[in-house]
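Let's start with one chain on its own, the form predicted on its own, as structure tokens.
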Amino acid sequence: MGRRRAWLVIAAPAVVLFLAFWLLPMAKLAGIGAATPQGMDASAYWLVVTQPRYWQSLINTVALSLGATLATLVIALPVSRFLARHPDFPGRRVLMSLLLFPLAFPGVVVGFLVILATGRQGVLNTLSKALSGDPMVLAYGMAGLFIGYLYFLLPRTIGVLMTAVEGIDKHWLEAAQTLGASPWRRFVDIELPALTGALTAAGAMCFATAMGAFGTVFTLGTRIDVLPITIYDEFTNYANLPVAAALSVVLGLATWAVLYVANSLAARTARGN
């Protein structure tokens, strides 16, 4: 009984927080989404799943988030391996500080930096005009948003993967090298399977962050057709609470579905290895 009471005392704050800040708000959100918008004869959920513009916004959001996630993992993996394998190279601390510095920036600042780099008055456009005479502006569309996502996803991913690389047993790598395995074979047969969990966790973090990112896309322009901006428009500009709530639930379910599939595939791969 004493242990049970102690467990209840410890678990009670977590249960209260779960009910107050997740379950009850989510139930309320789902209930609002089931309401019928003014001037409509169907629930907001039915409106969301039958209107092509909402589907297009969802597809854009998922595709952009998946692309940014994959690109982040491809870039972060070799950088993380290098930093983990060379702890004593000159300038490592400075480089680490620069790589992790974007963690201090909110999404609005990231969007502003993208504009300074690839906007109408940005560095890229200035160089393009000087070299070819043609303008090159990326900031105010999907390309600019993709760059912004990479900017704030890479530091988080590098930190996760560096820790995982440092945890790989070097004796396995040394044994494989002694047996004549090439660097590529050592990476594929030893390192990559050992990093599957970290890659999956980092990918899940990147995808979930990109799906819900708002500050960056809002700074770059509200005409970019992704779901967070669509939800903002329905809630703020049109005061359409049922549709905004339904889209929020759809965004959460879509994120959960992709993460579930990714984790299932990763678990199956791990069992196969």
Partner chain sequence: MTHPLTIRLDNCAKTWPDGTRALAPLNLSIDAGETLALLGPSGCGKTTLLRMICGLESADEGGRIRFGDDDVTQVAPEARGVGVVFQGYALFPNMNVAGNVGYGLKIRGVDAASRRRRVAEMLELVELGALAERRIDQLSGGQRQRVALARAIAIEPRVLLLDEPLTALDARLRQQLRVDLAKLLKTLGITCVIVTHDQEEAMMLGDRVAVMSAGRLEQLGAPETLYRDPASPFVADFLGTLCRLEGGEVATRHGVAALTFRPHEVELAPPGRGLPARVQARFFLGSHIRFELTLADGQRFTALAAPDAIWQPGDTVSALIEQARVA
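Residue numbers count along the first chain shown, from 1. Only a predicted model underlies this, so the values are computations on that prediction, with no experimental measurement involved.
Below: the form predicted together with the partner chain, not depicted.
Of the candidates S132, S97, T178, Q121, T178 is the one whose heavy atoms come within 4.5 Å of the partner chain in the predicted bound form; the others do not. Proximity of I115 to the partner chain in the predicted bound form: non-hydrogen atoms within 4.5 Å are absent; the residue sits far from the partner.
In the predicted bound form, at least one heavy atom of E174 sits within 4.5 Å of the partner chain. A residue is said to contact a partner when one of its heavy atoms sits within 4.5 Å of a partner heavy atom; R85 fails this definition for the partner chain in the predicted bound form, lying far away. Of the heavy atoms in R186, some are within 4.5 Å of the partner chain in the predicted bound form. The three residues K170, I190 and P193 all sit with a heavy atom within 4.5 Å of the partner chain in the predicted bound form. Only one listed stretch (89-97, 178-186, 105-113, 158-166) carries heavy atoms within 4.5 Å of the partner chain in the predicted bound form, and that stretch is 178-186.
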